[in-house]
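Only one chain is shown below, in structure tokens, and it's the form predicted alone.
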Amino acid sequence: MTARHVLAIDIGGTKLAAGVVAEDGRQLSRGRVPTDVAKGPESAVERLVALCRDVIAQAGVPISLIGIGCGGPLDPVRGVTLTPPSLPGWEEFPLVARVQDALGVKAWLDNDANAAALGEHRFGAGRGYQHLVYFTVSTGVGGGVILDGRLYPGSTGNAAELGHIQVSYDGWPCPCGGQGCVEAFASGTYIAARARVTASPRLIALAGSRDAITTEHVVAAVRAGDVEAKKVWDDSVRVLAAGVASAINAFNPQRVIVGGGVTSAGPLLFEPLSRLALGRTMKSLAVGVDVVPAELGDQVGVMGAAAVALSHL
């Protein structure tokens, strides 16, 4: 049978990325352009289509299908973005229809966290596993769940909002409208925000100013022995561990994969996260589960989008 090739599209608030990916995971071409959200979705799609035509020409192979990963919320059945915070002006935008009409190839859409889960399952740290939970810990906290080798979509395609597991019933407010959500404490955004409040002179000097503090600065300060930064970090890891334990208890996976920018902390994150999460999990469900870093790195957007399309074959 002739090998199939996927046009994989990753849409974010900062960049539009595309690449041609073979079924076995080889990337034949890739490229990116700025999203430039201020110009609106129609302008973005024009530039996206031009980028897609360029990467298809670079690859020199026919495209069988298109996968799109995009920040949610969205409606994957209708192929429409709903109210994505990172893409203002994209409300009820018929993304799949626009891409299909321009390129003449069938396309499928899913949110970026689901796409990442599919990508890690097919091409990354989830290969060979049938039951997975994927967390992405970055600006926010998202997730995806693979059950019996397939993405679990929920009733509207928006299941596994793992960042909005509530681990404190009357806790800190979250932008989603809830309280005590994992995202509102353990995301990169909130780690940095909390660190700015209690920052030591060392951390402020490291960042250049209190307002410039990021999660990367917090991690560097922890490694340098900063007590206040360590308290912020340790509390964040404990909250994330509670969310991971809750997901294990709910879905009974074989593996939990954690990706996103905050994971650049490496063992400083994964050693306590694994120990604490499994320690909080029901003993019968903790047996045989591991908590591991994602493997696809900065290619997870394009590889995840390819996996979105391939999952529909």
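Residue numbers run from 1 along the displayed sequence. From a predicted model like this one, the values you see are computed outputs, not experimental measurements.
Although it is not shown, the form predicted in complex with a further copy of the same chain is what the next lines describe.
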query	finding
Listed residue (Leu109, Ile191, Ala229, Val239) with a non-hydrogen atom within 4.5 angstroms of a further copy of the same chain in the predicted complex	Val239
Contact residue in the predicted complex, from Gln27, Asn249, Ser264, Gln58 (heavy atom within 4.5 Å of a further copy of the same chain)	Asn249
Option from 117-125, 93-101, 197-205, 157-165 whose residues, in the predicted complex, bring a heavy atom within 4.5 Å of a further copy of the same chain	157-165
Any non-hydrogen atom of Ala38 within 4.5 angstroms of a further copy of the same chain in the predicted complex	no
Gln179 within 4.5 Å of a further copy of the same chain in the predicted complex, heavy atoms	yes
Pro88, heavy atom within 4.5 angstroms of a further copy of the same chain in the predicted complex	no
a further copy of the same chain contact at His131 in the predicted complex, heavy atom, 4.5 Å	yes
Residues of 131-147 having any heavy atom within 4.5 Å of a further copy of the same chain in the predicted complex, listed in sequence order	His131, Val145, Leu147
